[in-house]
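The chain below stands alone and is given in structure tokens; this is the form predicted on its own.
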Amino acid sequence: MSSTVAIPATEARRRLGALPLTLLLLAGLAGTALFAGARFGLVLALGLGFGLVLEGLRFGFAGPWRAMIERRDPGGILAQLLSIALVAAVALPLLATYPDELVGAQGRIGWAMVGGAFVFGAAMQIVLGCGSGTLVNAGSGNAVALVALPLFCVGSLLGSIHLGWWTELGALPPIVLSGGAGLALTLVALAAVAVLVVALAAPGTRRIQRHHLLAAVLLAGLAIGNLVVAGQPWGVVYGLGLWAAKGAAALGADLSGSGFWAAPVNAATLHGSILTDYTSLTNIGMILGAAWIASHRAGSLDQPAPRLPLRGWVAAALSGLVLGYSSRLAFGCNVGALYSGIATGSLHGWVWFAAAFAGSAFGLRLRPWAGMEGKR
């Protein structure tokens, strides 16, 4: 005698409601591959993977840093360090073997870079989202992220326009740890940070939760795939600034006077299709991947807006603008500077890590003053 398990009506409605988004994702993948090329379609698929993992496994950067600062819980940071180490173990040998086909995430250490990272760390704790976090949170229907994201794009554009002036204040050329020695130094440094974090942790917290461990491994695989397919590491900030630049150009703005956008590569990207910009594709994929997860999770896409005072919403908007501006000066966010920077041997990733973590401690102190805690 056979038996069937009845699906609750609410679950059935949620699955049915997610069907259009599923079809949209499949159509987007097929359309990108058809009109832009198979490689670009694959990069969009990798972006979807990033979104699915980050939202589906509740993994991020701002939250684990907050957990370590406020509760001395190191699990999330340990997972981040593990994921970076896994990528470095593959990426650095690949970069050494294929220097003409692959590039790393390099940045210049300077006053603007350090200051930008500190400010970014503070702002990301105000909105509880870094670059990837803001994208994923927006995709899952978070009202604060939906306010911050457009201004993040605008801030990134403004930062790119002013980048030349800021770097003239003083910056070193890119310093890269490469080859076998670079990999060894990177892994030893990651292990040292892990030991320090564990030593500072509260009793009973010295472990990585299973879902964070799985996320760390999956993100590493996706990041390696991004490097191999796109020829460049996983990043976020460039794509957001590009969206704002395209919007400004469409409204009649002339960006040819900007040293950043007048550079041949950036000028070509500005006048090309978003479907041929790798960072834009992974950004779009993260938003859609997070939205797909949220559409299958009860109460996610229709979550009510937090009950913030007016100054809280103003803080969210200003923080989005600051996140975009400061990340451009800092040569990336938690993804482009910290994760991909360290994993591909750029010394600026380590300096970014220290400055942004200090900024995060400061930003957490600003949250109540900014009205971001909300009423429960």
Partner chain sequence: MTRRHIMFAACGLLAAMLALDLRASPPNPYNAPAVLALGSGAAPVGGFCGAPAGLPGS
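Numbering follows the first chain given and starts at 1. All figures in this text were calculated on a predicted structure; none of them were measured in a lab.
From this point on, the text means the form predicted together with its partner chain, which you will not see here.
Comment: its partner chain is not present in this chain, but in the predicted complex one of V265, A199, A181, V188 has a heavy atom within 4.5 Å of it, namely V265. Proximity to its partner chain in the predicted complex, taken as a non-hydrogen atom within 4.5 angstroms, holds for one residue of A138, M113, A122, L222, which is A138. Of the candidate stretches 68 to 76, 233 to 241, 204 to 212, 81 to 89, only 233 to 241 has residues whose heavy atoms lie within 4.5 Å of its partner chain in the predicted complex. In the predicted complex, its partner chain sits beyond 4.5 Å of every heavy atom of W350. When its partner chain is considered in the predicted complex, G272 lines it closely, a heavy atom lying within 4.5 Å. Not displayed here, its partner chain is kept clear of L157 by more than 4.5 Å at the level of heavy atoms in the predicted complex. Its partner chain is not drawn, but in the predicted complex it has no heavy atom within 4.5 Å of F118. Contacts of stretch 245 to 261 with its partner chain in the predicted complex, defined by any heavy atom lying within 4.5 Å, are made by K246, G259, F260, listed in sequence order.
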